[in-house]
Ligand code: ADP
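The data below hold one chain only, encoded as structure tokens and taken in the form predicted alone.
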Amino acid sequence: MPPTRATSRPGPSPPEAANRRLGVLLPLPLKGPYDYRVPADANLKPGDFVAVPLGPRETTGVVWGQGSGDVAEAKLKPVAGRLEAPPLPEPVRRFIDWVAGYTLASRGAVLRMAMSVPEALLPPKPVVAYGRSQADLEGLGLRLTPARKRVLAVLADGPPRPAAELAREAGCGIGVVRGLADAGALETISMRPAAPFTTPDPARAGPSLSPSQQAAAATLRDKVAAQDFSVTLLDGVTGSGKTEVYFEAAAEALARGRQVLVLLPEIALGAQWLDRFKARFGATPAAWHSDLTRGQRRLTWRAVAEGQARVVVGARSALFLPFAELGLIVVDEEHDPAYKQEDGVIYHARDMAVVRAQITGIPVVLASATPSLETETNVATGRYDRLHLPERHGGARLPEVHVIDMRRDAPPRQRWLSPLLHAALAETFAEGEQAMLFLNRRGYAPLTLCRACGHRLACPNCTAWLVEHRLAARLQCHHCGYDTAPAETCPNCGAEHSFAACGPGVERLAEEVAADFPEARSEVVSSDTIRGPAAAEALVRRMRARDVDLLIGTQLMAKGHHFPHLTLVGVVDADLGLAGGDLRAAERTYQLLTQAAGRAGRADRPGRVYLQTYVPEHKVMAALASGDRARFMAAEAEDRHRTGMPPFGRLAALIVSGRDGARVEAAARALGRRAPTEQGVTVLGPAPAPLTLLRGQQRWRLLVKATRESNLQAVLRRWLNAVQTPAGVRVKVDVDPYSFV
């Protein structure tokens, strides 16, 4: 954290204030606050942002409470001063403590997420504005040109304005304004910058709601009005209008003077969501995601802390913004795996949103067409409420789902579309409608191998194959970002021009479609082509204008898009997510394919979905074909319950990593030897991780399986404290893991 300017805040303080000490938590990977002495003229309170000395430099922290007393009085360093920023609210501080305790992260590391924009702690720079001076214009000897008269007329009855705004209203150049100021006709005034966000209007009329939407909206409004903690699953089929329903809850919170946080799994793709919000509330919400500039993040953070940003739509990190008046949290697409933070402090934003709401004493809404098994289980046990939207809005019907058995209807060699799906595409294009081909695999081909010797091109930093991206003429690793030009010669056998692309990615599908349907206007949609909100918004515009006939893309297309003319969805490899040892593989595949299928037939034209699979008898394919979600989830719950897996048991992963493989293995085996043996706790491993090499780090894993009744965090703390980790080796703890690589 860079040094910041600070000012002390004088105020009444008892005579012994000079001897007082306070605990200051720093945004560093430290377990707890450091003690500092409070200057006699300072009146500091918990939550205040302060500048404090740390070694030879000055840094910024937060007053966390009374000091621990572990440091002798003579060694205490004084707080340098308080920053002119709103204090970190008490619920946010409690939330930081809770997250640190649950995830076994240091409190300072969690605080860093809440202090992610240090420059926002300084007051915004004042804006120079211009107003009428008291000087006699005739006495100034000023020649009043028409432009100057217009400037003076604008200011005759109005407040001071910045030069650019004044010049715009007067229809002149900024030089005219500054010339009047130089002549003494205008005076300069230092003003606070205008609020960066327009306040949404909760009284603005929204769209007409169906009876089921009205009933759900009324229930959510009542929960917001009660201002008490509750968790409600808003469960509706794709296209049922869940967004409009929770907008009504947001309107209630706004009308009561409270702030609203809406979490989206892919905020960069929320162009249509933003359009719907603006249509409902007449303003655009504040946004919080990684594509914002540093300046935008500074404005948003400060506006949230000061209560100027009334609604924030953001990615998972928005949970740590310093809301002073938070009244509602919404987690849209609550099932989405993007809510799991895998680096730094490891947490699941859906679960932490529930904790944040409980600490604050407010309602939280979890919205999904395919709720997670964890959420379904909480509904079944009465911990969460459910509101159900069983039909699509506006009379649209759910699409028909057809399962294509690729063992009987296989495409020609080196082709990827079955005859049935190929014919459906031709029919759709002939009728002037739009289609989507879904394949959750970026690039051209996932593997490149030498025909002569079988050598496979792999990443030097990861246990992973290089993916060919033919449009960019590069081979890339999707784990560490390493890329290189395609090889002309095999590094193993020396054969020239012997490499072959194996398997399809979205670029290869586009190549096949272009050959078969040269008149169809297609676009590839993946994280390689949609790099932010502007690109997503442009895609939406092209789809609405019917400038695109076919979308070929990855999971980015399966998240909330509404394309009224899209009537066909083809899933090219429905089996893709079922491989591997992920305990949630079937659930995730079902959710992803349901969401992808839900893009079809969302308006007055009926939709069709074709699933290409080699295992049509699999429970996921059967559930998708029948539309029987309840039966599928019941089978999943039975499997997990029988094996004691989440949500009926608990898991934690220990990932041991470092550059020296021998030291990493030794550290992992040392942990294994001291593994806890208490009842209800089982430790699996240590074993090399499936991705043994990741970003240049050697990796081993241990998996802790425990009953729901076990105090898993206490078990982990005792275990980790009993084993000293050698230098150069890191042990990362992932409570409730979602990734097993």
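Residue numbers run from 1 along the displayed sequence. Nothing here was measured: the structure is a model prediction, and the numbers come from that model.
The next section is about a form of this same protein that is not shown, the form predicted together with the named molecule.
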query: Full three-residue contact with the named molecule in the predicted complex, heavy atom 4.5 Å, for 588, 736 and 739; finding: no
query: Heavy atom within 4.5 Å of the named molecule in the predicted complex - the one residue of 318, 237, 110, 92 that qualifies; finding: 237
query: Answer option from 618, 278, 256, 562, heavy atom within 4.5 Å of the named molecule in the predicted complex; finding: 562
query: In the predicted complex, segment of 442-450, 208-216, 650-658, 167-175 with a heavy atom within 4.5 Å of the named molecule; finding: 208-216
query: Residue 335 within 4.5 Å of the named molecule in the predicted complex, heavy atoms; finding: no
query: Residue 434 within 4.5 Å of the named molecule in the predicted complex, heavy atoms; finding: no
query: Contact test in the predicted complex: residue 243 vs the named molecule, heavy atoms, 4.5 Å; finding: yes
query: Distance check, residue 148 to the named molecule in the predicted complex, heavy atom within 4.5 Å; finding: no
query: Contacts with the named molecule in the predicted complex - residues in 83-103 whose heavy atoms fall within 4.5 Å; finding: none
